[in-house]
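Presented below, as structure tokens, is a lone chain in the form predicted on its own.
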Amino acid sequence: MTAGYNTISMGTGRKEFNPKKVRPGIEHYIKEAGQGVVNQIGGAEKIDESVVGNFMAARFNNQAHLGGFVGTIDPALEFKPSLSVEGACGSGGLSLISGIRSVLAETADVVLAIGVEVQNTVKAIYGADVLAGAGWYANRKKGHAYFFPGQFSDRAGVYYEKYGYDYARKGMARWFVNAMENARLDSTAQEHHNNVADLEGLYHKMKPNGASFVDHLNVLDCSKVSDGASGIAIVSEEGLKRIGVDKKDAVEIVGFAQLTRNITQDPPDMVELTTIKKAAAAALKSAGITIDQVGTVETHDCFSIAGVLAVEALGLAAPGKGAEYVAEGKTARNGVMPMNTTGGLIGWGHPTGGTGVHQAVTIWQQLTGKAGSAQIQLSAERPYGLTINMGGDDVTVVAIVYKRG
């Protein structure tokens, strides 16, 4: 993968965001992200096919058939293969997997992968209903009004009961602080303008309140409602020569896995992200490495508890020890395992279908030294990056292992 590009993650938190003003539509974001990639690879004529990952444009924007918008990026992309893929919040990851499989199948040498979502089009409570489609909608009436915060609130509640409320909140607070501090270093992040002095104090001041939100999470535990898109080129070695990009400016895909659990069933264990655990293990096995050889991780922190549980699912900490691992600073940008170095979903933003591609762009930036102010130092002994993109409540998971080119 190479030539990554992110639009701004737009929404509350950005100084220029105004919910009362007309904002760009989904076609704008597809075009900007696509052109951001095209301009780095010497022209759209070098692209063989395109894949757009998106979750709910049909409801947020009354627009389906997103593959048809690829031609707006550049006339050279018209009358070439293009399709859209959907897997809830994992849609961006599925666009990456689709491109990887095309390259491995030798049906394409250069694939443009885009992830996009424009969802600041409805009020929050209506958006919650749209996003509930990432779960089994038949359970909608039995769930919380804020369906997905309710799902992960339930997970947090079980974690509190099993391991302790104050203990868990300490780790979740540190996850939030890391997200804000990292987002401040990326000019495209939704929380880039965040200047709160006492982030941890703010977090603990906002106690979870089921009467106003959900029982076990506050709004700071939640990812952002975001408009945005990311793009990246997935290429074979022959494709890399075609686009004139040196290997040092690319990352090699050395392992991947895409797993899906039964959406109609409850999670097998409320304090384990089982699909993430299985997908990450499979991706690492296919790469022939262990988690200890990974230098940085981008994980799907739709909620702070998801970040804590991902730490445990990846085997970085034993069950129940994830909150401690985070609280001790081990996932901070200068920690043992830097995670979500541009803010993740809580800090950078969560344009739902775009997140998986944004994660890949961040890993590409970090492994090639292109992360700017957000750059971390990676050791030669740990040259790998890992992305975990999750759709729904641990239903669809895409895990990809990357290595410096």
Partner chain sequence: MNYDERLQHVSVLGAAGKMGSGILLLTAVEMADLSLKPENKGKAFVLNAIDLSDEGLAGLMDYLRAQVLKIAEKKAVWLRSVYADRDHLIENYHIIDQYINDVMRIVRPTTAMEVAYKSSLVFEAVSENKDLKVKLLKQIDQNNPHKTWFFTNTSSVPIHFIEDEAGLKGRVLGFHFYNPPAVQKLVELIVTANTLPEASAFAGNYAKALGKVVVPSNDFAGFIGNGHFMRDALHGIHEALDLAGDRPLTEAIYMMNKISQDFLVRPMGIFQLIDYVGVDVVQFIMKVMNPHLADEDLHSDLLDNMMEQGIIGGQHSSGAQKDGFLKYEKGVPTAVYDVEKKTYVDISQFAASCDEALGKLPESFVPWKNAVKIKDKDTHFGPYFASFKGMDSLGAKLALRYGKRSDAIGRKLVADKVANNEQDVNTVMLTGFFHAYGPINNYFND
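Quick caveat: nothing in here was measured; it's all calculated off a predicted structure. Positions refer to the first chain, counted from 1.
Not on display, but discussed next: the form predicted in complex with the partner chain.
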The partner chain contact in the predicted bound form: Gly143, any heavy atom under 4.5 Å: yes
Consider Ile125 of the chain shown here, and say whether it contacts the partner chain in the predicted bound form, taking contact as heavy atoms within 4.5 Å. yes
With the partner left out here, check for me: in the predicted bound form, does some heavy atom of Tyr160 sit within 4.5 Å of the partner chain? no
Report yes if any heavy atom of Phe213 sits within 4.5 Å of a heavy atom of the partner chain in the predicted bound form; otherwise report no. yes
Residue among Asp129, Glu272, Glu252, Glu324 with a heavy atom within 4.5 Å of the partner chain in the predicted bound form: Asp129
Within 4.5 Å, heavy atoms only, one stretch in 133-141, 221-229, 274-282, 259-267 touches the partner chain in the predicted bound form. Which? 133-141
